[in-house]
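What follows is one chain in structure tokens, specifically the form predicted alone.
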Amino acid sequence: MSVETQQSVATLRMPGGLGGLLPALILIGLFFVVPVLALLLRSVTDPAPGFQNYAALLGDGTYARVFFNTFLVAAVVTSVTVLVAFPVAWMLAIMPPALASIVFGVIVLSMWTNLLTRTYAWMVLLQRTGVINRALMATGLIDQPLPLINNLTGVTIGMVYIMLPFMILPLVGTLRAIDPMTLRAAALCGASPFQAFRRILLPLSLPGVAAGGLMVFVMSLGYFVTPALLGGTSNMMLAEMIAQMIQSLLNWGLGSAAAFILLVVTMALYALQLRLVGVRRATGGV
């Protein structure tokens, strides 16, 4: 087949212009743009036209505390997840491929387990008569059961466990792409292990940390099941408040406004991360 014939066949198979993108654009419009516009419209028309729902959310101290709790929990969960996931990802990056595949499979398998089942398992483990408190008391480390549930501690433990795979996956890819010879060269030049980590490994792994951290933070902002079961009323998060507004109070206007604020914050964080990554690439990672 000649070159001209191959080009003509390829042209027939690939629609020109926006024709090839039309199905994807229709799906995005139906399942993302239309619901978001409906959410925005409901937030400014229910119960009356205006911005009273947004004024109530941003001006009331009770709602402000829920917003603060949401961002606090998301920040704490993201920080702890990064600290736990980094050594695990580094271990996966340097261990033999066969063993790494087994460990990697165990990590991925945990993602396929039902979320509600995992959360209930942590409820059993963290309660006052649970395995963790009983083991600590049996060893004599504590005299009274620790309050590990219905507070920020329980929410953090449960959500970090759930978020770990989403942090490990991008980190492993980034760490495997780092040339091991750079660390050996640093050691030959007299750098200590901590210096090699701080000045070489950590800067080179920042794209993976940023990608995983953003994913964990954004997912934590909208999490509902785990905070509702492991947290208390003093640690209510925004997703739980939205569910109460719509399901219990039937206040669709206020709930839609809260959901739209959460969406705007999420998109702003994503745009900021894209800009920071773009600036870093443009400056050569300096």
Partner chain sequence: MTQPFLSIRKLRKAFGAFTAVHDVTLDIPRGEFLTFLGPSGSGKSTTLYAIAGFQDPSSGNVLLEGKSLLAVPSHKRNIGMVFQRYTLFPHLSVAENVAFPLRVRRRPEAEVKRKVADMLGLVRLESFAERLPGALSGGQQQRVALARALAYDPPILLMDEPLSALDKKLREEIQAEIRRIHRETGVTILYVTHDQEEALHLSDRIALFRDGRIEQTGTGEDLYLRPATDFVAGFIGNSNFLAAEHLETKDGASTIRLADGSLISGINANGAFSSGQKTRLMIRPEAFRLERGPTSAELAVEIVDVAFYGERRRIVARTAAGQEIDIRPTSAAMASQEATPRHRRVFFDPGAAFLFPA
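Numbering follows the first chain given and starts at 1. Not measured: the values here are computed from a predicted model.
Below: the form predicted in complex with the partner chain, not depicted.
- Stretch-level contact analysis of 134 to 142, 121 to 129, 197 to 205, 76 to 84 against the partner chain in the predicted complex, using heavy atoms and a 4.5 Å limit, identifies 197 to 205.
- For residue 151, no non-hydrogen atom is located within 4.5 Å of the partner chain in the predicted complex, even though that partner is not displayed.
- In the predicted complex, at least one heavy atom of residue 182 sits within 4.5 Å of a heavy atom of the partner chain.
- Shown alone here, residue 188 lies within 4.5 Å of the partner chain in the predicted complex, counting heavy atoms only.
- For the chain shown alone, residue 105 is not a contact residue for the partner chain in the predicted complex, no non-hydrogen atom being within 4.5 angstroms.
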